[in-house]
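Just the one chain here, the form predicted on its own, laid out as structure tokens.
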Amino acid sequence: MTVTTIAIAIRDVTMEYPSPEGVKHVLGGVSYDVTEGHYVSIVGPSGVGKTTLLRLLTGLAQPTGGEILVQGNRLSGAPEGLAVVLQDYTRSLMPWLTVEKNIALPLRNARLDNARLSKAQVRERIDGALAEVGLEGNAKAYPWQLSGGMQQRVSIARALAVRPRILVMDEPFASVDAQTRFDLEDLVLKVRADFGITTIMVTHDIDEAVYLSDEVVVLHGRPAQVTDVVSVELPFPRSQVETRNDHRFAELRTRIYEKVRGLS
């Protein structure tokens, strides 16, 4: 019998902001459980509050109502074991640091068995992360010497180097071309297969959400609520050709599109 563990529990979360018109109600009673090891995508219309929810999940902001539990503990700040990959790699990577030094940044305070990582352990993590994202041999390069897709691979490598339990990604492939996007999607599937990290991603691309995810959570309304949770029961490993040509893929895409547009 398989035991299901809840990595993140979102319980009736509301979020409000002061505005010139009074109070802006962004999230209105959002609830959802993220199963450990699952890949969950959050989709919805522009401005619905997807990134706001992501900020709450990372502890960068606190909800005005409800609660978020990570590994059973109420979230009150940035949780341990969480890494973030952002859309704009040009802002998240330090252009004056080499690739290896960018990856080493979050390892400064990393600990293993209550002790700081040794130089050898840091080196091992950097090399392992670069190998995982296919960037062996680029440790001494600077980000500006790499293509956009390679820079985003560096961002993913930096996240992996901290050995996270939870990975949060905010539109991670929105700044690259279509072919590079497909390559990065397949990289994320490889990372998932290798590490089984619980992942939450915000995306505007419904096809991408279906291709990568176990579940797709649809936010809609003002304030936003969860209007659908779509289970993606497509087999692994997934393929840009076979998976996207599967009739079930098209059916899932249509269902999610209709929910995002408020058509059903």
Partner chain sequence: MRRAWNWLLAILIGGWLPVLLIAWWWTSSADSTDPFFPPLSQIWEQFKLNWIWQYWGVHVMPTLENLAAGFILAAAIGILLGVLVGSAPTAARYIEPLVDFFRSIPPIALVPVFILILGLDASMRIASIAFAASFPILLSTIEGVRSTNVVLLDTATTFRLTRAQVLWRVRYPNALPTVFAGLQVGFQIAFIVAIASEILGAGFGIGAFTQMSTDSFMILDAWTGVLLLGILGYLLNILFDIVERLSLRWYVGQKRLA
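Numbering follows the first chain given and starts at 1. Predicted, not measured: the structure shown is a model, and the values here were computed from it.
What comes next is about the form predicted in complex with the partner chain, which does not appear here.
S.K.: Looking at 215-223, 235-243, 195-203, 53-61, which one sits within 4.5 Å of the partner chain in the predicted bound form if you count heavy atoms only?
M.R.: Among the listed stretches, the partner-contacting one is 53-61.
S.K.: With the partner absent here, would 91, 109 and 159 each sit within 4.5 Å of the partner chain in the predicted bound form, counting heavy atoms only?
M.R.: Verified in the predicted bound form; spot residues all in contact, yes.
S.K.: Is residue 147 one of the residues lying within 4.5 Å of the partner chain in the predicted bound form, judged by heavy atom distances?
M.R.: Flag for residue 147 set to no.
S.K.: Taking the partner chain as it sits in the predicted bound form, is residue 134 in contact with it (heavy atom to heavy atom, 4.5 Å or less)?
M.R.: No, residue 134 stays farther than 4.5 Å from the partner chain in the predicted bound form.
S.K.: Hey, in the predicted bound form, is residue 78 touching the partner chain, heavy atoms inside 4.5 Å?
M.R.: Yes, contact at 4.5 Å.
S.K.: Give a yes/no on whether residue 174 approaches the partner chain to within 4.5 Å in the predicted bound form, heavy atoms considered.
M.R.: Although the partner chain is absent here, residue 174 would stay clear of it in the predicted bound form, with no heavy atoms inside 4.5 Å.
S.K.: Pick from 117, 86, 126, 189: which has a non-hydrogen atom within 4.5 Å of the partner chain in the predicted bound form?
M.R.: Of 117, 86, 126, 189, the residue with a heavy atom within 4.5 Å of the partner chain in the predicted bound form is 86.
S.K.: To verify the annotation, which of these, 82, 122, 184, 130, has a non-hydrogen atom within 4.5 Å of the partner chain in the predicted bound form?
M.R.: Flagged contact: 82.
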